[in-house]
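This document opens with one chain alone, in structure tokens, the form predicted alone.
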């Protein structure tokens, strides 16, 4: 491609897959842009970022500034939800280049009469753009530049920084070069900061042996709110298949009173747009959603694209499923696991367009009928990537508040692709990162690479599918440690609630699966009970709500602490007005002592300036005036969550 401009723009960041996917932000966040920008020769170049929201007609401009080695940086703030675009424009600047060259000649003792006349010609067009006061200055400069008897005055004007400011404000661009347009998508704040609590609504009854209802769930809401959770996630609440229904502990033979897995969706009682009749009707579900909102809790629904053998789809849309040559239907498998109660959707069906539309309409139905704005998506990695990109974009066109959590514990590039396609948040490998170096390496990967621009991690210590080995038979200290790490390393976090609170860890031998799993049976919980772990979780969640440094994931610095069984890390908000320091033991059985290196440079502390650290869990405060400070942790309270106060 022929290009007249003399400017090169390359290595732009942030950009995802050469602009194929959107960079992600939330409202009022900064997009910090960096690029290499240069031209041939020695002429002065300048650059700007142009950006606009999809509903704006004109572009906003903000100037970039040179850094090192032809690097340039700049930033802009995204103030509204929805789609933005930005691009970089670079140019050889005639005004600044003229002034720079003229000053060099003046300093060398050369006469610059001809150059002054050139300067006058450059200034004349600016009279149409500038303010009245600026026009007076420009007119005076033009007069001096064109009258030989005012040579000394003209030289002084050339040297005046006010002239440079004029040229900076009204650049004279010589054949500017523009980069490609780069997409940015802006979500609401909950995309970046959320605290999830999961439980099965059928286990909500206060009466043992009775199926819970949405009305029962309403009674539990204040308890969840008091613990500081703002998203309540339910596994599927739809009718459960009766054909091939699973029994307790995933048995392939169900007893007459077995309730089955909620993920075996659909029966003669309805499908994905219907509610399990024992839970309640749509009016009662909407009441639950509203009562939750009054407590600043949002209900998140599970969106699982699969069907029980007796789902209405099987008869209504047989081509949406894969049939074997013998006439039987293919049920779901993930060898060696078998899911006889689930039929996977056949996305290669010739009716794929009709299918995609129906699945989109499921999401739109629950948004518009019940006010649901958050969906946890089950196994999205087993469906086509481009389907998700289409569905999420279609939904957000009408309902930009909608958030999608990707439940995909799979290969890294697949998880990353789902995030690129538009998933708001993503489950992660945190559940299996136990040792100090593993945790640090993983968090640094998430926060110091391009992942930070589009992959929003959500750290869960456990899920109904995952009873990690380190929690099996673990003591209270381990449960406190894992929640503390999840909630302070990541701004999005969640727990499979009652099982975690009551430290239920019975497992199928040799597997990371719960024995007597709630996926296949109703469990009875004492929803009025309280214990130390619950109180600690509540205090951690309160600290998260009150400290903006904990409401983001990326601004983190790991601190030196000379004990592999301990970790320390410092977090700060964008304005560096809120600073927290976390020190945690990874040993749930023994006391630990060490000195932690205070991040004095990152805190911009003066020599000799001390700080006060306030433990937001215990309320204790300490004055630190050294670079290395002593800490001691015990299994009974295996961490400090310090708020840093500069003295």
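Positions refer to the first chain, counted from 1. Computed from a predicted structure; not experimentally measured.
A second form of this protein, the form predicted in complex with a further copy of the same chain, is not displayed here; the remarks below concern that form.
Heavy atoms of no residue among 160, 193 and 513 are located within 4.5 Å of a further copy of the same chain in the predicted bound form.
Proximity to a further copy of the same chain in the predicted bound form, defined as a heavy atom within 4.5 Å, holds among 124, 411, 398, 532 only for 411. Interface residue among 448, 131, 110, 251 relative to a further copy of the same chain in the predicted bound form, by the heavy atom within 4.5 Å criterion: 110. Partner contact region in the predicted bound form: 65-73, out of 23-31, 591-599, 608-616, 65-73, criterion any non-hydrogen atom within 4.5 Å of a further copy of the same chain. For the chain shown alone, residue 59 is not a contact residue for a further copy of the same chain in the predicted bound form, no non-hydrogen atom being within 4.5 angstroms. Within this chain, residue 6 lines the site of a further copy of the same chain in the predicted bound form, having a heavy atom no more than 4.5 Å away. Using a 4.5 Å cutoff between non-hydrogen atoms, residue 42 counts as a contact of a further copy of the same chain in the predicted bound form. Contact annotation: residue 625 falls outside 4.5 Å of a further copy of the same chain in the predicted bound form, judged by heavy atom distances.
Residues 174, 175, 177 are the members of 168-193 with a non-hydrogen atom no more than 4.5 angstroms from a further copy of the same chain in the predicted bound form.
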